[in-house]
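Heads up, the chain below is alone and in the form predicted alone; it's given as structure tokens.
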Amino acid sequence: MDFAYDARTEELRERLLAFMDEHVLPAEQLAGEQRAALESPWQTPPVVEDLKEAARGLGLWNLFFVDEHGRPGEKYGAGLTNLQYAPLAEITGRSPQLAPTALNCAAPDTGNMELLAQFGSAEQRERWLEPLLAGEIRSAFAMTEPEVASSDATNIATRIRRDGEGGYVVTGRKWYISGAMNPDCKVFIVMGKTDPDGEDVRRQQSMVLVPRDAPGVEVRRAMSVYGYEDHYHGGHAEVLFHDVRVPADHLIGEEGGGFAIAQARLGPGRIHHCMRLIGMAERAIELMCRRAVERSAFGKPLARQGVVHEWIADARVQVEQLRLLVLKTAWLMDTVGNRGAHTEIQAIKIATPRAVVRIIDDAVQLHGAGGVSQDFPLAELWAAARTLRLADGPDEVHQRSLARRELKRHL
């Protein structure tokens, strides 16, 4: 692979970096102030809508998305490859609460849009994908459950029962459903079992589209993450489905196809998270360096303390290693497909959150009490990075799968 960014990527990088410096980073404090004045903390601060309008005007909209026809443009995305999108997603990771949303590149909508584009019917794409691409609505992906070990997706207990020829009835309890608290969230993609007694445990699951306002949908409460409620992404909710009826045409793909669809959705989502994590690490390094040159302790600047040198040097080495692995993974996804890049996708999902947590933790340590306060973004960055050691599959699941693949070559 060529390690240099191509001309289009460089042009978009320059445009996006300017957008971050001129619009996004200065808006972080204002967004918090506006949110405090809203009737509900789940409403979107006005400045976020301003950022979305500005991003669209600059052609920084739906950068992640390529539809089945590969059409670029404001509506359908920039038509970028994974390798082209990687450095752009990294930049948005410097402000993970605002930047992805401003560009309409925020989870869980990104994965849901890709899922609908790949597996949705023409009617489903018209009703849900088009307004998602336009940034008019938000969505949620309902997979994780509190009563089973959801790291094994075959454990999922939610039932999607066929109701004659008229449709399906959804019954179950989900939690940590990202985006569900946002009042603009209009649809859930729900994974559950249509054939709980089927011989093939990976063909028991299906996915259906459930409108948020369907009778029987109860968004019970917001789940916090280390005390943070993640308002900008619409929170993480506990959601109950009380015999919710949906028409048969709300099924995505075919019955029994839910597990395969989930795997197809989560692969790109994992690399997007890792791209943004690198941006989070870069911001932590920048904050660490600024703090080190501004503060003194025991008679000399922190920048002259040996342990600080170790933290900064180790962080730079780790970020450069992670970036190369993520770029290789993106290149493989473009050239041999997601299945061909399976090992690398798992490798970055294991390595990146783990390393970035350590980098941010060192930055917190350097900032002292300020590092755990609301006056710096480090505590919230740490919480987000630590959560990504669980989201989209915990470290141990990916380690198990990757190790089995390695051992298979020697058995």
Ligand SMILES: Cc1cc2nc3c(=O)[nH]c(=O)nc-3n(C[C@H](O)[C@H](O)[C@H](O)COP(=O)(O)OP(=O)(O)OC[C@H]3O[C@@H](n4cnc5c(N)ncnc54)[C@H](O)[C@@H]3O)c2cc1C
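As the structure is a prediction and not an experimental result, all values here were calculated from the model. Start at 1 and count along the sequence shown; that's the residue number.
Form predicted in complex with this ligand: not shown, discussed below.
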{"property": "Heavy atom contact within 4.5 Å of this ligand in the predicted bound form, the stretch among 146-154, 302-310, 93-101, 211-219", "result": "146-154"}
{"property": "This ligand contact in the predicted bound form: Ile261, any heavy atom under 4.5 Å", "result": "no"}
{"property": "Contact flag, His231 vs this ligand in the predicted bound form, heavy atom cut 4.5 Å", "result": "no"}
{"property": "Contact flag, Ala142 vs this ligand in the predicted bound form, heavy atom cut 4.5 Å", "result": "yes"}
{"property": "Contact flag, His272 vs this ligand in the predicted bound form, heavy atom cut 4.5 Å", "result": "no"}
{"property": "Position in contact with this ligand when the complex is considered in the predicted bound form, options Trp128, Phe241, Tyr176, Tyr85, heavy atoms within 4.5 Å", "result": "Tyr176"}
{"property": "Within 4.5 Å of this ligand in the predicted bound form, all of Gly393, Glu396 and Arg400 (non-hydrogen atom)", "result": "yes"}
{"property": "Stretch 227-261: residues contacting this ligand in the predicted bound form, 4.5 Å heavy atom cut-off", "result": "His236"}
